[in-house]
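First comes one chain, alone, set out as structure tokens in the form predicted alone.
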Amino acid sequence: MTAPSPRELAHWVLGIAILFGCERLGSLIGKALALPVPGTVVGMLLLLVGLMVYGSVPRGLAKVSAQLLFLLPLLFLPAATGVFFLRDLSLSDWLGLLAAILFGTLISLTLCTLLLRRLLRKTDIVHNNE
């Protein structure tokens, strides 16, 4: 394994800074406006809008995101373990939890599809102009 070049390191730092900056900015906006959604969700929406306006994913952000997606199952482990301790919930709590999971997943998939479609359309335009 070779050491990363200073340019690669700068890309990684920039990618991490973008993710961390969006998370912090979303938390600040969420607190300032007393929004009913977590600040991290606001941060993800800010990142989505930023990427849509920018038109592509910066290289550093793509690299950092790829590594985070690779490690994503490890992030779900504590949540899956926590579900084990929720066995005392009522039926209405379980229905609410399932509805939140279902709608959250559908909203996430819809937003990812819209972003991917927009990025692919932009990539096709760039390739057709070359």
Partner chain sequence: MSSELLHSPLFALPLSCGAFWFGVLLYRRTGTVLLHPIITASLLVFAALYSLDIPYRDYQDASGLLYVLLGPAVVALAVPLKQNLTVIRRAGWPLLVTIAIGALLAPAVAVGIALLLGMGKSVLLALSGKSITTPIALALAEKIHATLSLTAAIVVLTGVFGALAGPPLVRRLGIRDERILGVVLGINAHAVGTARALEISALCGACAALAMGLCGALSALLLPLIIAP
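If you superpose the two forms and keep the largest set of C-alpha atoms that fall within 1.5 Å, you have the rigid core. Positions refer to the first chain, counted from 1. Please read all numbers here as calculations on a predicted model, not as lab measurements.
What comes next is about the form predicted together with the partner chain, which is not displayed.
Of the heavy atoms in residue 106, some are within 4.5 Å of the partner chain in the predicted complex. At the 4.5 Å threshold, heavy atoms of residue 120 reach the partner chain in the predicted complex. The partner chain is not shown here, and in the predicted complex it never comes within 4.5 Å of any heavy atom of residue 29. With a 4.5 Å cutoff on heavy atoms, residue 115 counts as touching the partner chain in the predicted complex. Using a 4.5 Å cut-off on any heavy atom, the residues of 11-42 that reach the partner chain in the predicted complex are, in sequence order, 19, 20, 22, 23, 35, 36, 37, 38, 40, 41. Put the two forms on the same core and the Cα of residue 115 is off by 2 Å or more between this form and the one not shown. Core-superposed comparison between this form and the one not shown: the C-alpha position of residue 37 differs by less than 2 Å.
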